[in-house]
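Given next, in structure tokens, is a single chain: the form predicted on its own.
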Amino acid sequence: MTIRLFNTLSKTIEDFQSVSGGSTVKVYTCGPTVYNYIHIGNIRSFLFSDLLQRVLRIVGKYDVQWVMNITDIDDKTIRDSAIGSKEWLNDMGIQSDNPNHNLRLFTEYFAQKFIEDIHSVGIQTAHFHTMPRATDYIEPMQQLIRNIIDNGYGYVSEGNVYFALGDWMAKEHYGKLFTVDTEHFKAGVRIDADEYDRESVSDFVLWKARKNNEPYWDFPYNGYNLPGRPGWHIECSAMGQDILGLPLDIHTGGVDLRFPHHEDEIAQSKAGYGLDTANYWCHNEFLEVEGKKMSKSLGNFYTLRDITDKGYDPLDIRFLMLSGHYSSVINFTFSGLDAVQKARKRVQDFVYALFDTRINGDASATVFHDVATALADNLHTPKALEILFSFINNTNPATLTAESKLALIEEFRTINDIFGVWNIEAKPQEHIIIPDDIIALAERRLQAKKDKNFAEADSLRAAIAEKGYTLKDTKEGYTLELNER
């Protein structure tokens, strides 16, 4: 089935074709900066990329090589791993006077917490080709920077290395993913911060000179040493090339990364490697909370752990995020979370009913093809779920043949391989201790039935029901179940 995706580069929905023309697809996702627990806005972005790679694999039948990097060196990780920056750092064993050592311990801690969090919402590390740490790719970053300087688009100033944006814009268009006001390019102005606003169109840093009490790496260049550390933007360019090879098939991330991060990636990759970064750029929209931008000042800032601490199932959070289209803003509300919890249970109960073969009819039904067709059309999850719920509302499992039930179970298993929020198995039987008085009533009813005293049998069944239990006749005798409250 042909997959169609909105490409931020062309601003259109396109039929997807791999770079190689074959079945292998290289997908790169900008991953977390591991300086704290991830928030639910981060989760939305990662779940979008997870959905994309699942649809490519399951619907498109591609062999997906999915890479998500872990940013463990940038302004934030350096700031928060420094001794004295956080009271609880010493509890993590970060007491060394070696900043590189402290950075590694600090970021490894939060990288592990990140993996725990994505596991809880159904993102499987087995689906990743690799999850590289930026600090493990310092040499490839340095070589890319050397290339950029040697090609005339980088320069050294006071131990820092900057990208000569003015020289680059004289040759190439800058602003392919996001409309940038290049007419107000700030010639001679340099940006050292890893993150900056859209008005800051100026030379950006590739390599930052060493500062006291900060992590650093030696950087040999033309007989000199430029000790320091990489700028944030250079990291993904180097890792993408070193691990997967450019151009990538698809590069993903949130819309906030279009500029400057992804725009700078495009410039760096072309200036240093002579290669495009990716053929397709796919970006998910923002997540709001109760109709407002999420922020700590508004008191609506939530980590994933904040939500699960309130008793919510992480898979309900996954279902909520996937229920909206990735290119639309999602409004996170607790009432919305309650609603998807009920919707998820509706599908789960239908699946359980498919495993019940006590009553079989003569009808057949199918749903996967229509769901897959919706997902192939730019990952249209709202339409796919509308099709799924319409099917469930109009299909009674008891009317289906045994063969159709088995076929539908496999269809739902495949659908769940994409959504990842249901159990495709028979309903677990709870071990319930039936009180002796209820068993005594059931035994009396069984005897009444054998004696053909049907009036007494009906009366005893009603008495059992009044006490909160359901009696069902079987070939062997009867079963007793506790009624749902």
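If you're wondering where the values come from, they're calculated on a predicted model, not measured in any experiment. Sequential numbering from 1, following the sequence displayed.
Beyond the structure shown, there is the form predicted in complex with a small molecule, which is absent from this document and is the topic of what follows.
- Though the small molecule is absent from this view, in the predicted complex it lies within 4.5 Å of a heavy atom of just one residue from R445, R54, R44, K26, which is R44.
- Taking D370, D75, D167, D256 one by one, only a single residue has any non-hydrogen atom within 4.5 Å of the small molecule in the predicted complex, and it is D256.
- Taking the partner from elsewhere, Y174 is found to have every heavy atom lying beyond 4.5 Å of the small molecule in the predicted complex.
- Taking non-hydrogen atoms only, C30 approaches the small molecule to within 4.5 angstroms in the predicted complex.
- Although the partner is absent here, N284 lies within 4.5 Å of the small molecule in the predicted complex, judged by heavy atoms.
- None of the heavy atoms of K449 is located within 4.5 Å of the small molecule in the predicted complex.
- None of 30 to 38, 420 to 428, 454 to 462, 58 to 66 except one has non-hydrogen atoms within 4.5 angstroms of the small molecule in the predicted complex; the exception is 30 to 38.
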